[in-house]
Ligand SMILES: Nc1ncnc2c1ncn2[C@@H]1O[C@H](COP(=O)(O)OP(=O)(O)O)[C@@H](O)[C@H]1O
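Okay, here we've got a single chain as structure tokens, the form predicted alone, with questions on binding and movement later.
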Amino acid sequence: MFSSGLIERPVSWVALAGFMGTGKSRIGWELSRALALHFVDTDKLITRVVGKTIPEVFAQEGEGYFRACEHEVVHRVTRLEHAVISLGGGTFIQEDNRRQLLERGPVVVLWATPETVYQRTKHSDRPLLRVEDPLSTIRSMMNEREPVYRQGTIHVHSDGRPSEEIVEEIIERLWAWADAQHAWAAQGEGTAGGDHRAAD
């Protein structure tokens, strides 16, 4: 597999997708440490490049501008080596982004209940939650996005679990995914990143 010094890892690049509040940034950071990889948070990268917070971008430039920035960032992060990428909640929803990410490598989708998402995000300044009934909005958006998130490579639930346990499961699932890729390659079936998806 891939190794660097004494570190043996199943992959050298992986992205984390999922709805807001499912733990992508926290788990992504811990996963990057466990695998000795760089950590990149796409929302923070956009904030640095544009020089504005995400709410400011939405308010001043509009969602269309933000999605264009997101697309450019996806183009850049799929060229990186040795990285764990934490994606914004809507990044994987865009078809072009999704195709690029799945072609690059495995995409781990984190899941949580709408109630958990609401508890984790209710005090944030996220533009999509500035509505009268945030929990209903979260439920509606999660239901709408679920079929798209299901196209991810690996699916892990983050509700009520310590981060160490989640990271451990992701690494185990990545090893299984990598082994399957090598088995397909050995059979001459190819190794396209998004073609052989692990079950829940």
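Predicted model only: the values in this text are computed from it and were never measured. Each residue number is its position in the shown sequence, starting from 1.
Omitted here: the form predicted together with the ligand. The next part is about that form.
Contact check for H38: every heavy atom lies farther than 4.5 Å from the ligand in the model of the complex. A residue is said to contact a partner when one of its heavy atoms sits within 4.5 Å of a partner heavy atom; V11 fails this definition for the ligand in the model of the complex, lying far away. Interface membership of R26, defined by any non-hydrogen atom within 4.5 Å of the ligand in the model of the complex, is confirmed.
Interface membership of R139, defined by any non-hydrogen atom within 4.5 Å of the ligand in the model of the complex, is ruled out. Only one of the listed residues (H71, R120, R130, H82) places a non-hydrogen atom within 4.5 angstroms of the ligand in the model of the complex, and that residue is R120. Residues from 147-176 that approach the ligand in the model of the complex with a non-hydrogen atom closer than or equal to 4.5 Å are S158, R161, P162, S163, I166, in the order they occur in the chain.
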